[in-house]
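Okay, so here's just one chain, in structure tokens, the form predicted alone.
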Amino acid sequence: MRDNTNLIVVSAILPIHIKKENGKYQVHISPGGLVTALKQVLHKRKAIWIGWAGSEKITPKMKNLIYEEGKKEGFLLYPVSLTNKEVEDFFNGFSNSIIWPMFHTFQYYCRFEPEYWKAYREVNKKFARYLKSISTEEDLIWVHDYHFFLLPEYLEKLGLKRKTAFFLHIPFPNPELFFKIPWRVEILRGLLKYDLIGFHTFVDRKNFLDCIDGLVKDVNILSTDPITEIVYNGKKVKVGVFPISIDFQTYQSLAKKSKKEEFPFKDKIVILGVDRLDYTKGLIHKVKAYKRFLEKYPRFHKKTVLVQAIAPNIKKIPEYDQLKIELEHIISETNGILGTPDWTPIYYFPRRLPFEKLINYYRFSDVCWINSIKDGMNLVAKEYIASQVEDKGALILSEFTGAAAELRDFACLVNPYDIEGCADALYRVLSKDSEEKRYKMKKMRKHIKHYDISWWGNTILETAFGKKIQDFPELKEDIPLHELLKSF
């Protein structure tokens, strides 16, 4: 391997949004879990990140705008063009109407349309062709998420030899669910073309191995810990568990600067919810449980507020529109039944909170409540912990999140389907001795500080390629895009 080996990161969507304002295109970095995680890993390194830019046609001028905006964040962005039909059938179809619901245990939302599978294959082929145009045999390709199960297969069909690592940011389902997908075998065979496959939890890895064992012939599973090795068609594949994390120091540093006088609920016990509008987040169940808590423990009336921020979902599927209607109805109903002229039980923010305000809420809220029906990890839990610089808060965490596997000994775990149990759990947390809460928060903070985003990125890259992120060359500020691509 040559010393100037490059790292190429692949995700379905680049972390940007493009707007046309006053006749000119404007490019801005989008917030979100993947970009927040990878920003720290890739910062100031000569790594290129390729993905769809949200537009069917990308002009050279737009490409340079995207490049310059990414460079401000310390990484390089390269846009892939997709047609409107590909966007509809690949994103809204196969990815969001088959894989997303099935992998999150919502199989009744799946729509198994053959044209979705066709589009999924075509987009994987298209990304493979882009990678052929910008990469060499020495480069390392790090692929993210469920949009690219087939990518290494198409790289191979193009005659390319590339070292590849794959990380799944969502859960992997058990065989009972996965076997319902009509193209289940093709998906597994595609995944087995990667050199490394990474999951958040041991349960996800077990589910994957069980599916492989049940569906793919001539697979030899050699070992299980710490890294499973599989031999398939003469190729050795590594399968590991790498729970994603956050930049602990950044959240801690910003939280220390946050000011109590800017917190709007100084005289209330604040239960904080920070979620995306998605049926996987258990939002209806959370509101029902909070309502039951107030009915069952009236001494907390006028003393507590549930502050629930819900970022809109970019996925264009009807289930989210229906969820929004139902959620806003039950919030309004709860406030109408239990609220008084001087007390609103639930404060609902139907938007993404500005980052500075979010940090303020993280630091000064008494409880953070994550109620997911199913979640790959849920980084809100870790962001809240890192921001608890005074060790005062408590975490109520669904046992069906990836984070629960790491934090189960110190968070208050709940079953989101158990409305009565969640109401009682909230009561227990609010009634706990402050020293017990401080002890548990300190333990969680110590864990997140050690297993931070740098640990995650370096562990994956070392396992896959034998290199840490620091081994890749630094990004030079003045290098133009067309010159940079010559070095890839």
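Keep in mind that what you see is a predicted model, and the values were worked out from it rather than measured. Numbering starts at 1 and runs along the sequence shown.
The form predicted in complex with a small molecule is left out here; the points below concern that form.
The three marked residues, 169, 362 and 379, each reach the small molecule in the predicted complex, with a heavy atom inside 4.5 Å. Only one of 329-337, 74-82, 272-280, 288-296 places residue heavy atoms within 4.5 angstroms of the small molecule in the predicted complex, namely 272-280.
In the predicted complex, the small molecule sits beyond 4.5 Å of every heavy atom of residue 55. Remark: residue 239 does not count among the residues lining the small molecule in the predicted complex, judged by a heavy atom distance of 4.5 Å or less. The small molecule in the predicted complex is approached by residue 311, whose closest heavy atom lies within 4.5 angstroms of it. At a distance threshold of 4.5 angstroms between non-hydrogen atoms, residue 423 is out of contact with the small molecule in the predicted complex.
This chain is displayed alone, yet in the predicted complex one of 266, 157, 217, 351 has a heavy atom within 4.5 Å of the small molecule; that residue is 351. Proximity to the small molecule in the predicted complex, defined as a heavy atom within 4.5 Å, singles out one entry of 191, 244, 411, 368, which is 244.
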